[in-house]
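Below you'll find only one chain, the form predicted alone, shown as structure tokens.
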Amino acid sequence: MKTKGFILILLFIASQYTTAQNIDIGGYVRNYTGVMFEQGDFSILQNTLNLDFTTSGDKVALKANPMLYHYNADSLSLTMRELYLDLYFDNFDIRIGKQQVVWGKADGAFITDVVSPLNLTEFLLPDFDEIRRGVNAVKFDYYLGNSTFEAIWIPNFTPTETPGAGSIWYVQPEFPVMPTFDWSKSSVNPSLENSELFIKYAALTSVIDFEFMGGYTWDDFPTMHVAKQVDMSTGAPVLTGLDITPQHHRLYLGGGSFSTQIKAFVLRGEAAYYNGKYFQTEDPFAVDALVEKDYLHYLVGLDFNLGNVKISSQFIQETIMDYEEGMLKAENENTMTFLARYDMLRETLHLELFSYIGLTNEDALIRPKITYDFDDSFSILLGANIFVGEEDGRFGQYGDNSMGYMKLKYSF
């Protein structure tokens, strides 16, 4: 109740302040309801209030984007998705504060788009602007003709958020014995030494758009350091205990992306090369069953129109360099995406099919949806998330979570 009261007071003050200070306010209200096909249970009952406050002058602009999520009967979550200040100069801009950063050319994949960590508590199902988490950062953009140089400094590390135990998206790891966890090294203390730095050079030409990027960052996912307790009293080693210490490690990465039009086709590509990434091995008696390897993540995509239908497809590969037998992750993991979109009734009715297809694990996530724009402010969306394939696959493991859903959205 106290949280509700605080939120109402905050919204009232904000509305009064915007009237007095000539601040533009926009956003949306959304109802989102999902029902699982197999059990008939509600997989999600969510109401969302998204507010977007903006004000700008010749040299300065300010944006605040709070979001309020109301789940089930009485669960409230208030987040500040973005809160930043823009400073404009003749040849460069500076953005200071909490912000989302979007890099790269990929659809539905994060390859060079790694500055903002992710919120994967609902897997890959939310809109991508809600999957990305804001980071406290200073962003510097310098403009020279059709080129842009960008540098981003992040003083405090923010990891990717994963599902908690009890969530339908939480997958319980299988252990040969019951483990104990030491969380003392799971966080990265904010300091100058522990800050992150990203740089990017982008150019827009008449033939090709391209970007080069690099980063000195932390792995968003913690490495699980495992200390094994082994009993040798019987003559043969017997595993008796596991002590697991999650810990984030530094990563160096470099990469780039491009996009070019060839007659009626748009060809896209994107790649990132990671140095210093840790991978688990299956050796049950190793002191710390980890190996450090370089890692390549890339895609090639093609966009075109087939009549009035927009088609897009991508091939994505994740490759571990200098691969060793016994690693738990496959040397190559191949995925394809497919998108088809058709707009009709004067672009008020939108039919869309988007799919992830796991070639390595023979699984898929199929996402059909239909959206009707009742008017400029109100839309109705009906869709489904269908998981198929092998249970050990990235998508097939959620086979029981296939669902239908509806979203009602009013924008203002």
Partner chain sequence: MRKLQITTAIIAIILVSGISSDVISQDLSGKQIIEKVYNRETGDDQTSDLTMTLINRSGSQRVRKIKQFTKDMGDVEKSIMFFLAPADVKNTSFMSWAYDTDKSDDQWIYLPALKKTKRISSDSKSDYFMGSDFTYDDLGDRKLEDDTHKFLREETMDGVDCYVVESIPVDEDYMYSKTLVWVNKSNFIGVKKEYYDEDEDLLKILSIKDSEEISGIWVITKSEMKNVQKNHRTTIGLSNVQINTGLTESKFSERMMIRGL
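All figures in this text were calculated on a predicted structure; none of them were measured in a lab. Numbering follows the first chain given and starts at 1.
The same protein also has a form predicted together with its partner chain, omitted here; what follows describes it.
Colleague: With the cut-off set at 4.5 Å between non-hydrogen atoms, does residue 392 touch its partner chain in the predicted complex?
Modeller: Output for residue 392 is no: heavy atoms all beyond 4.5 Å of its partner chain.
Colleague: Is there a heavy atom of residue 104 no more than 4.5 Å from a heavy atom of its partner chain in the predicted complex?
Modeller: Contact check for residue 104: yes, within 4.5 Å of its partner chain in the predicted complex.
Colleague: Using a 4.5 Å heavy atom cut-off, state whether residue 225 contacts its partner chain in the predicted complex.
Modeller: Judged by the heavy-atom cut-off of 4.5 Å, residue 225 is well away from its partner chain in the predicted complex.
Colleague: Would residue 261 sit within 4.5 Å of its partner chain in the predicted complex, counting heavy atoms only?
Modeller: Yes, residue 261 sits close enough to its partner chain in the predicted complex that at least one of its heavy atoms falls within 4.5 Å.
Colleague: Looking at 54-62, 381-389, 362-370, 34-42, which stretch has residues with any non-hydrogen atom within 4.5 Å of its partner chain in the predicted complex?
Modeller: Among the candidates, contact is made by 54-62.
Colleague: Among 93, 122, 318, 283, which has any heavy atom within 4.5 Å of its partner chain in the predicted complex?
Modeller: Of the listed residues, the single hit is 93.
Colleague: Identify which of 151, 85, 208, 236 has a heavy atom within 4.5 Å of its partner chain in the predicted complex; exactly one of them does.
Modeller: Of the candidates 151, 85, 208, 236, 208 is the one lying within 4.5 Å of its partner chain in the predicted complex.
Colleague: Would you confirm whether the three residues 128, 143 and 308 all fall within 4.5 Å of its partner chain in the predicted complex, going by non-hydrogen atoms?
Modeller: Verified in the predicted complex; spot residues all in contact, yes.
Colleague: Quick one: name the residues from 386-400 with any non-hydrogen atom within 4.5 angstroms of its partner chain in the predicted complex.
Modeller: Read in sequence order, no residue approaches its partner chain (within 4.5 Å, in the predicted complex).
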